[in-house]
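This document starts with two versions of one protein chain, written out as structure tokens and named structure 1 and structure 2.
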Structure 1
Amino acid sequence: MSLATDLPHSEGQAVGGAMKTHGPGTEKPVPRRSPRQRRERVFQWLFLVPAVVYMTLFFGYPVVKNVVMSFQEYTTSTFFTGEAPWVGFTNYVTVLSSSLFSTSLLNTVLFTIGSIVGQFVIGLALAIFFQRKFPLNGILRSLLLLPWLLPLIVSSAVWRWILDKDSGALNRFLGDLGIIDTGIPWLTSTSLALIAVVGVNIWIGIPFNLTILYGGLQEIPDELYEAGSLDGATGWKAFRHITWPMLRPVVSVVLVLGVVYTLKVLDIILGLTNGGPANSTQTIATQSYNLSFHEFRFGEGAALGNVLVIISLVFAVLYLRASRRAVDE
């Protein structure tokens, strides 16, 4: 490659080039590299290779494939014959004009906002609570990670039972307290199902928020609070003027990651309601899954999946900017 042809030139420059800084009297303003520097550069690229290979195989290829698929009439036959006729934007038109799309989009938005707000507020409250020193703090904090460790399919099966209308634990509990007379149809009423699903997702998301925010709180130096308390900043004031500004970079990272994770939630909804009753918990993710894997309309499923990818991408860009700002600060 070009390395060999360049060698003689750089050899002549070896003495001058070895020095990193050029004095003001140097004739050539463009620095030439020494073989050592060149080798270094090659090694630098070699270190990048594993990451590039991994990204290309496991991220690049599926994404490209999914984009291509969304422009094709991709059916079960395609798998055997390999034939997938190009159909342009037909798949996009079909899914975006379907009467179900507006429902799923609205549900996706409500589900995401509801989950994020709930997870974040409770997660932050718990993180601040665990800042205090009290017995069993460590044990309690690790127990709170439990929802994160359980497989989602297990969590949703258990919650499905807890939220059952007739014999669910929650309704029994409320009934015994005398709050309700008849069972509340948490998962089978069109007005309650989405709320119930959001509630379960909040429960699952708390550990993530708690962990990251707790880490962020630990980073805030104690001196700030000591100095603040001298000036009369305690309690809410300390939170408002010390904790919150110091935590902001972490907060933006938590929120943006949370949105991306929540947008794609599939297993919890499938496990709890399957998108029902009457599509009241159908999101873009579940609808895309249904199209591809139940109705075998892979092209349309891919198109809808790409819509979700684009929405996620917006938040991913926000995340990158937020995390860069966090580094700068």
Structure 2
Amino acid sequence: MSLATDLPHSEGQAVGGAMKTHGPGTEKPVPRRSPRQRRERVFQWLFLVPAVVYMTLFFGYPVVKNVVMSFQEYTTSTFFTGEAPWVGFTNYVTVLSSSLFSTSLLNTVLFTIGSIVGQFVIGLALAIFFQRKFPLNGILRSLLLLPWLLPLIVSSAVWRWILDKDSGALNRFLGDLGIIDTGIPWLTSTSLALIAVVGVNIWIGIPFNLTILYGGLQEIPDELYEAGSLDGATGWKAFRHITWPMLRPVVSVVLVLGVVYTLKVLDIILGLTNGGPANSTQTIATQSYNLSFHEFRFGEGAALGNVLVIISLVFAVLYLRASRRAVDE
């Protein structure tokens, strides 16, 4: 005989109701939030709203505006008339089919690869060097941060004087050593200008690589090196089998941020060569700047800027996927 038939009718209903409420396949009642929890949630949103508004106004709106502008014939007259005719993909076709685009793309690739390789290799070597304890270690590391702390326009002005053909400090130094007889046109030669600009950008980017990689090296436990030394993993072997695998996540961040930053470098190139001579240092970033603020073809400049953004996103996605696949394996 069931329990419900032995109990009074009301109790049987109560038991049946309880069994129905908590039986399988039924939903449990959702507990209500207390007034304190509701107040906390309101305060959370109140703290979040300013950040959302800031991101929308100063990041979201410019991005959307730039995308819309790239599909319009946006010129100086637009600021007075407010009219910007819709031209579709005409701006993209114009900039991509331009004879200067291939030169700018090649210079962008060479500038980015040269800068990233130089910055990373030198930064990693210095990070490993400063792992050792020696007098003035901290002071020297602090001094190496100066190129990163100086405004880029100041750095470009200083290096423009250093690399000047006639009165530059570098040519004078090489001349005093007897290495050269006449000044080398570092910034006015079509074959040397890009190399000089890459060298200056490497000098500026070394502190960033040094700082991030040094922090990553500090997180590697010393016990791993002690255990590896027992198996003969010292020197290069220790770097290959211990340091590099443990440092790989940090390396991924450094390279991705470095490439994205280098692709859009503008100040250094404008300050040193302004894209010359004969467009030998013209990159996509400088070409976009010239189209927008020298020739006032804002639609084409915006289109070229969006192309640069797409290139950065594609590289970041591909590299992060490759790094994750390597870690999983």
Partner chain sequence: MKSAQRTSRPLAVAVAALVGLPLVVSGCGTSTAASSSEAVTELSVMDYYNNEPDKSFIGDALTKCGTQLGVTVKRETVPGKSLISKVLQQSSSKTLPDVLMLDNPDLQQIAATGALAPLADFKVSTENFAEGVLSAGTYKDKVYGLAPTVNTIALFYNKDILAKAGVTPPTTWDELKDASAKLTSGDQYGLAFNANPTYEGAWQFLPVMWSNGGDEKKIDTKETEQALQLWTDLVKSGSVSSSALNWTQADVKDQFLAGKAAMMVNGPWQIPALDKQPTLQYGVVKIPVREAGQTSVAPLGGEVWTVPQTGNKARQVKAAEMVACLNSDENQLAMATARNTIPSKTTLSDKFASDNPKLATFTELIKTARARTGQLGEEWPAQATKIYTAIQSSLTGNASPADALKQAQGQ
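Just so it is clear, the model here is predicted, and its values are computed rather than measured. Just so we're on the same page, rigid core means the largest C-alpha set that superposes within 1.5 Å between forms. Structure 1's sequence is the ruler for residue numbers, which start at 1.
Next item on the list: Mind telling me which structure is the form predicted on its own?
Entry: Structure 2 is the matching one, since it is the form predicted on its own.
Checklist line | Exceeds or equals 2 Å, Cα of Tyr54 between the two structures, core fit | finding: Yes: Tyr54 shifts by at least 2 Å between the two structures.
Next item on the list: Verify the C-alpha shift of Ile310 between the two structures: is it 2 Å or more after superposing the core?
Entry: No, Ile310 moves less than 2 Å.
Check: Once the two forms are fitted on their rigid core, how many angstrom does the CA of Tyr319 move between the two structures?
Finding: It moves 6.6 Å at the C-alpha.
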